[in-house]
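Only one chain is shown below, in structure tokens, and it's the form predicted alone.
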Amino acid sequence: MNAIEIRNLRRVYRATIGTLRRHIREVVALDGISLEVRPGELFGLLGPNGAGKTTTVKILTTLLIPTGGQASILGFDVVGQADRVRPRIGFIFGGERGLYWRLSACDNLRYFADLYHMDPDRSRRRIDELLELVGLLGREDEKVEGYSRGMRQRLHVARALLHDPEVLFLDEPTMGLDPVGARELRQVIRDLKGQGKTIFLTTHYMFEADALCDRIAVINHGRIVALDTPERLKGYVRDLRVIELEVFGIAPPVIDQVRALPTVDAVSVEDFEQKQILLVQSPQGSELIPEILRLLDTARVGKVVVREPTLEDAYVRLVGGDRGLAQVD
């Protein structure tokens, strides 16, 4: 039996817009997605903002009812058997909601243990185990308002694990964390996988998904456009080279001109302090550099590097490429 099964899942939001002539607009958040997650697997769901990641997690955690299709956790339907699903799952949403800041970490966990109707002796043992797991042992009596953001997020993990769920949902758990806090939380996630937990992870960080996940699904406009291991997804862009150009003051029309070059597969721009990093995917690699520099004539160009593609480049090709979306078998 799979830990998670999704079959033709749909979710449509309806919103009333307009002032004088009001009408209903439908937004398709999920457009018939299907996937399976095996027991003990760390499964990643990647996609741009608005692609349907959080909607998927909310349906799987019984917080949202789908418009169509089916989803089950450990064989239990998330709609018809929600009361059987909830004791078996834990979930963490990115951000700092869900904790009482004026209470200590220990008092927070005792409070949530009471909500789970846990036996007091069992809850005491479980709280000590979890505080050690997330690296908060020794600071459990401090108020949460004095914690760093990373410490609060680790306390979120402890809260979600109080009832020892079999399946854990992590929706962008490292969002907003500093590099040290994010690295510590990723180690906690690895430790949980080592305990045999099934983990469903959504993230915007490609390196994080590459380092943690057994398999990854890429979602865009409510549809799964790729599903495979990180290595096989990277193989999808093995025919490409990535040209990175450090540019100061590039204009949008120039980016469009680069994008229009016949051998260019995809173009993206990352803002970094006072400069921009122009990323150009093409089978030509270094042979294309003179043509790109000619188009960037009015901009100041710094460092130029040609490198092998990464998982992030595969993601760009799938959801942001200029040749349209492609399905990976």
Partner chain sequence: MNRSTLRAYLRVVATVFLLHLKMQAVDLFVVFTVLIQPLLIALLAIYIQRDKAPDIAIYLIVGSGMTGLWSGLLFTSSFAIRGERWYGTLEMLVGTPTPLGVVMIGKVLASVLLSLSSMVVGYLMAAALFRFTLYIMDLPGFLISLALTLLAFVTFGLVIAPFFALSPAVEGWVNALEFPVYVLGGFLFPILMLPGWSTPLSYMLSPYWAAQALHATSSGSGSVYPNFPVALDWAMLLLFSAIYIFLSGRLFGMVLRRAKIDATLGLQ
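Positions refer to the first chain, counted from 1. Think of the rigid core as the biggest set of C-alphas that the two forms share within 1.5 Å after superposition. Being a predicted model, the structure only gives us computed values, none of them experimental.
A second form of this protein, the form predicted in complex with the partner chain, is not displayed here; the remarks below concern that form.
The candidate stretches are 283-291, 42-50, 60-68, 26-34, and the one lying within 4.5 Å of the partner chain in the model of the complex by heavy atoms is 60-68. For a residue to qualify, one of its non-hydrogen atoms must sit within 4.5 Å of the partner chain in the model of the complex; all three of Tyr13, Phe93 and Pro120 qualify. When contacts are judged by a 4.5 Å heavy atom cut-off, Lys197 does not count as touching the partner chain in the model of the complex. Within 4.5 Å of any heavy atom of the partner chain in the model of the complex lies no heavy atom of Glu246. In the model of the complex, the partner chain sits within 4.5 Å of a heavy atom of Leu115. By the criterion of a heavy atom within 4.5 Å, Leu103 is counted among the residues contacting the partner chain in the model of the complex. A single residue from the set Arg86, Arg124, Arg183, His204 has any heavy atom within 4.5 angstroms of the partner chain in the model of the complex; that residue is Arg86. Residue-level contacts in the model of the complex: of Pro165, Gly98, Gly176, Gly75, one residue has a heavy atom within 4.5 Å of the partner chain, and it is Gly98.
Along 142-156, a non-hydrogen atom within 4.5 Å of the partner chain in the model of the complex is carried only by His156. In the core-superposed comparison between this form and the one not shown, the C-alpha atom of Glu140 has shifted by at least 2 angstroms.
A movement of the C-alpha atom of Asp107 reaching 2 angstroms or beyond is seen between this form and the one not shown when the two forms are aligned on their rigid core.
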